[in-house]
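Here's a solo chain for you in structure tokens, the form predicted on its own.
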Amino acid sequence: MHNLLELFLGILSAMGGFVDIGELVFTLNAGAKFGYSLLWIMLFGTVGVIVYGEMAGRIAAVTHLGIFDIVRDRIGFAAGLATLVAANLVNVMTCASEIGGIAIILKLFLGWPYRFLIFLVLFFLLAAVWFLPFKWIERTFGLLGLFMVIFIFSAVALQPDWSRVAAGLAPNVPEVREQSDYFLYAYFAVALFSAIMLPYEIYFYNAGGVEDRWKPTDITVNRFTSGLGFALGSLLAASLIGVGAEYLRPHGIADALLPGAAALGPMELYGKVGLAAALAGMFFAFSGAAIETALSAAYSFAQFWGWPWGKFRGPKNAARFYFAWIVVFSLAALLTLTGIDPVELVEYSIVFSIVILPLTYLPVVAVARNKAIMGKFANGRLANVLGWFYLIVSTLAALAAVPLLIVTHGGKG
């Protein structure tokens, strides 16, 4: 019964915490610009994040190693340090964009000054991580993030042409008016792929397995949690493409500004209840993502430098770990206070995050397939094939990301 409860809560938490501000930006805009043509990227990326999430959770259950323990040992100190620095620059940028998004949502509710709300959000996040045990961080923000299901109801209520939805699940290139739109389509394909496979999700998921003290007997729970949780979370993200295609596109809203534009569809369909549910879902989803990025940064620093880490140790026994996530939250809030647009910031963080995907996932595959380390729990043939395949695709996407960012002027065409 205990394992069933953990499985149920894990799946719901993964689903509720799947959509952060970056995922929301790119899915809504992808639907508004290209209809359902990019749904196949959602499907393709979801398989990839499930593959690596399952490996990362299995490594945690068998070895109790963190991702950056593996990065340091497998790709060497210099390359590992470069990955650590790059990953945490992305983490700070992503955390800042989440804090800015939360402050915008609170401004819509309360009407208070934006910069004051940034301080309020900072204290809220610091208090949540300091006082809540790890399991309750997962459950509180994951489960309350399920208010986002209002977007699934909205996508269905907008009565899409299901034949077009089905056609979007197969790889395709839409008809466009100008040649430059092909580059824009490629940019959104790479960005959506990156948004789904953000490295911090894997860092956090792996560290969560260690925090929860998974054992080899929890590998089945890990497989169902990573598989169903990420798949249902992706369904939620796909529904945002639907809202973009069926509501924003017909209204001529080609660039969705968060969170107002995102909540327009649910508000028109369900009135104040729809608006409140959409904003509440975004509040908890963005808060959960901010916490994940800050903790992921602290996990990665502690693992790489060999510090004691983990919420279960407490501040006295893991002081540098606690100091690290406090610093990340503070730096992210300071970055937001400069007045930078959180939507633009997240677009850059998403694109740059894909550059470090190969260096993140290569050591994961190398350890998960190593029978000397994993024993009978090492990768099977299918996991090996998928792991190396997605590594190749991630490398190609990493090579294309920055040129596409430049050519399309950050997705503006």
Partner chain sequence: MPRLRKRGSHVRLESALLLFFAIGLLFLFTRTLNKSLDAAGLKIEAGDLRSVVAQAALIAGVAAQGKMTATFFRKQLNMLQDRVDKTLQKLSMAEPKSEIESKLAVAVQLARASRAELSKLGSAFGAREETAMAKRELEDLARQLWSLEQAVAA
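Numbering follows the first chain given and starts at 1. No experiment lies behind these values; they were computed from the predicted model shown.
Below, we refer to the form predicted together with the partner chain, which is not included among the displayed structures.
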| query | finding |
| --- | --- |
| Residue contact check: Arg313 to the partner chain in the predicted complex, 4.5 Å heavy atom | no |
| Partner proximity in the predicted complex: Arg139 to the partner chain, non-hydrogen atom cutoff 4.5 Å | no |
| Contact test in the predicted complex: Ile50 vs the partner chain, heavy atoms, 4.5 Å | no |
| Any non-hydrogen atom of Glu268 within 4.5 angstroms of the partner chain in the predicted complex | yes |
| Contacting member of Ile152, Ile75, Leu228, Ala167, with respect to the partner chain in the predicted complex [4.5 Å, heavy atom] | Ile75 |
| Of Ala157, Leu89, Ala186, Leu331, the one that lies within 4.5 Å of the partner chain in the predicted complex (heavy atoms) | Leu89 |
| One stretch from 102-110, 121-129, 206-214, 235-243 that, in the predicted complex, holds residues within 4.5 Å of the partner chain by heavy atom | 102-110 |
| Interface residues of 339-356 toward the partner chain, as seen in the predicted complex [heavy atoms, 4.5 Å] | Glu344, Tyr348, Phe352, Val355, Ile356 |
